[in-house]
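A single chain comes next, written as structure tokens; it is the form predicted alone.
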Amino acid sequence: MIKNISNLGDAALYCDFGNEVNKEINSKVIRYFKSIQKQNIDGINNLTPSYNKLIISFDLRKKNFQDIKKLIENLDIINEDKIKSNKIKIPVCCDENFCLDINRLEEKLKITRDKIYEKFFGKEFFCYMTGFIAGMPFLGDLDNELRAKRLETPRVKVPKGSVGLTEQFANIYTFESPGGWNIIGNTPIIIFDSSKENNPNLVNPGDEVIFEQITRDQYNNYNE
């Protein structure tokens, strides 16, 4: 399944699963990611999955590149049907104060906001990876009609909880951050909670997400 394994600096290993970005390849990445997690291999101190790559960081005092490479090549990989994935519902409010780029999307995509929301809220998304900022999920795959490029000039501050679209992905800003995604709403729930040390992410690679539209009143009262 892995096309190539190579060094990445002195204490990391780079697993290349290919160049395409799709659910089939990403599922292979996640299977390796979860299989290595399950083995709890002494000396491996961090795993970083992406769309089609997996970076494995290790402690040079305990392991070297050849040790890790051999372990990965002989790893007992979890069957896809045994991978635990959660289905998560995430409420989103599309009030005018939250849908910062809906007018831009209407113009760029040549469809109405009602159609944009109909397609967005009618979709089940797959979490490819988390990153950029802590716990931010990259969720695919958007319908072709909803795929738009990033903003020409990124915002200096995107509000925490903002839900954005770019190309084939949707995402959720877990913190206030600079960013150039097309913002269509905001969620009141916490996506990343640093107080949960074992698993601070609400959404993890391999999980499935459904967005559910709520009113501004529901948004305001959500955590009460």
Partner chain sequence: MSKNYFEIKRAGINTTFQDRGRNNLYHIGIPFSGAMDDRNFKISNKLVGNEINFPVIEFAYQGPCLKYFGDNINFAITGDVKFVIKKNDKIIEGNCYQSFTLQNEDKLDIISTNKSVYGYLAISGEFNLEYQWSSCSTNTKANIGANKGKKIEVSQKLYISKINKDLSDKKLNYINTRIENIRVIKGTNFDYFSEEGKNIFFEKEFVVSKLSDRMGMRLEGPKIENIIDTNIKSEGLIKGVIQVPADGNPIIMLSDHGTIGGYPKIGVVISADYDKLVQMTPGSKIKFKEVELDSAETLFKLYELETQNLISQI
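Residue numbers count along the first chain shown, from 1. Note that this is a predicted model, so its numbers are computed, not measured.
The same protein has a further form, the form predicted in complex with its partner chain, not shown here; the description that follows concerns it.
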S27, S50, T166, S35 - the one with a heavy atom within 4.5 Å of its partner chain in the predicted complex: S50
Which one, I116, V92, C99, M129, lies within 4.5 Å of its partner chain in the predicted complex by heavy atoms? M129
Residue stretch of 104-112, 129-137, 84-92, 70-78 approaching its partner chain in the predicted complex, non-hydrogen atom distance within 4.5 Å: 129-137
Given that its partner chain is not shown alongside this chain, does V209 nevertheless sit within 4.5 Å of it in the predicted complex, heavy atom to heavy atom? no
Please check if N45 has a heavy atom lying within 4.5 Å of any heavy atom of its partner chain in the predicted complex. yes
Does its partner chain get within 4.5 angstroms of any non-hydrogen atom of L8 in the predicted complex? yes
Does the 4.5 Å heavy atom contact test between V21 and its partner chain in the predicted complex come out positive? yes
Using heavy atoms and a 4.5 Å cut-off, decide whether I55, F65 and P200 all contact its partner chain in the predicted complex. yes
